[in-house]
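Only one chain is shown below, in structure tokens, and it's the form predicted on its own.
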Amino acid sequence: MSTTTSFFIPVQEQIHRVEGLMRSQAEGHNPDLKAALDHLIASGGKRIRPTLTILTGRMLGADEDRAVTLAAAIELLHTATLVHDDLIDGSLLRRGIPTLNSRWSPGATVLTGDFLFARAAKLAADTESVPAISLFATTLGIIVNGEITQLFNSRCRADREEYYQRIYAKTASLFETCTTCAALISPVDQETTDLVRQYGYDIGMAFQIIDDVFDFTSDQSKLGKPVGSDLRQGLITLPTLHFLENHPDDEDAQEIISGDCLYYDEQVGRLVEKIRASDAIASSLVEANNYVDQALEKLQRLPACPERSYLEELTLYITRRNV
């Protein structure tokens, strides 16, 4: 089965419409908001979430205009979370391009993110699906609660269950919303809606695990931040968890296991290199691929069609992509 990005091809026109809808949200507002939105959209991104939304909706028989509007709402919500994340993390680059907070004051950056959240909600309302709007609002709450929990309760905590909850809130919840909302605007039954919800959850979990692997295996020029950035901030992700479980006697691992943070760059750098050289990366990839296998199994329970094939390609791409 192909694992290229050919699944983007059948939705290119719709993705252009999604970006047009996103840009239009600043019309009639402060020109600086338009400049900010243009910058954010031009900064790139693979548009995985709107692609997932549109392909799922098309597979399930959703009205195309509503699916495009929904996809724009979800991508604008995602963009707003990135604006706030970059400010919280102090990131000056994303995908090698200056972040909004590298150019604007913290206050202006926060307000821009707030504006994007508001316009994303307006687009969600334009789908005229109360269940979809309700889920959209619930997901925003999950994402924000996850960020607050990460800021106040998740530093230097080596806890698997907490890790899975964190990456659900951070990433998988929005993937789950992509597929579920697509079903909610489609003429399908509850069983099908539950099935695609579980599918979205699985690929969202896989997606974030791979991002956490990239944090160790990529280089700073591609990441736009130091290698092992999460560990440097006290966030224990899956590769570190695997290393701690398999090397409990390691002196650096023991500090984290006991609940202490690594405060010195030398310590963090040393542990990053040990994780990179260990089997922790391979073990994390196995977990990501397990989620992918679960997602593919759920797709196989849906009627065969071109869109299902494209979604299979997208699913495989999740674990085989580059930064």
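Quick caveat: nothing in here was measured; it's all calculated off a predicted structure. So that there is no doubt, residue numbering starts at 1 and follows the sequence shown.
One more form of this protein exists, namely the form predicted together with another copy of the chain; it is left out here, but the text below deals with it.
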* Judged by heavy atoms and a 4.5 Å cut-off, are L93, R157 and D212 together in contact with another copy of the chain in the predicted complex? -> no
* Which listed residue (L195, A121, L235, I167) meets the criterion of a heavy atom within 4.5 Å of another copy of the chain in the predicted complex? -> A121
* Given that another copy of the chain is left out here, which of I133, V227, A253, L241 has a heavy atom within 4.5 Å of it in the predicted complex? -> I133
* Asked: Out of 277 to 285, 43 to 51, 261 to 269, 26 to 34, where are the residues with a heavy atom within 4.5 Å of another copy of the chain in the predicted complex?
  -> 26 to 34
* **T112, heavy atom within 4.5 angstroms of another copy of the chain in the predicted complex** => yes
* Asked: Is the gap between Q190 and another copy of the chain in the predicted complex 4.5 Å or less for some heavy atom pair?
  -> no
* Asked: Does G141 reach another copy of the chain in the predicted complex if we count a contact as any heavy atom within 4.5 Å?
  -> yes
* Hey, in the predicted complex, does I97 get a heavy atom within 4.5 angstroms of another copy of the chain? -> no
* Asked: Looking at another copy of the chain in the predicted complex, which residues in 150 to 185 have at least one heavy atom within 4.5 Å of it?
  -> L151, F152, N153
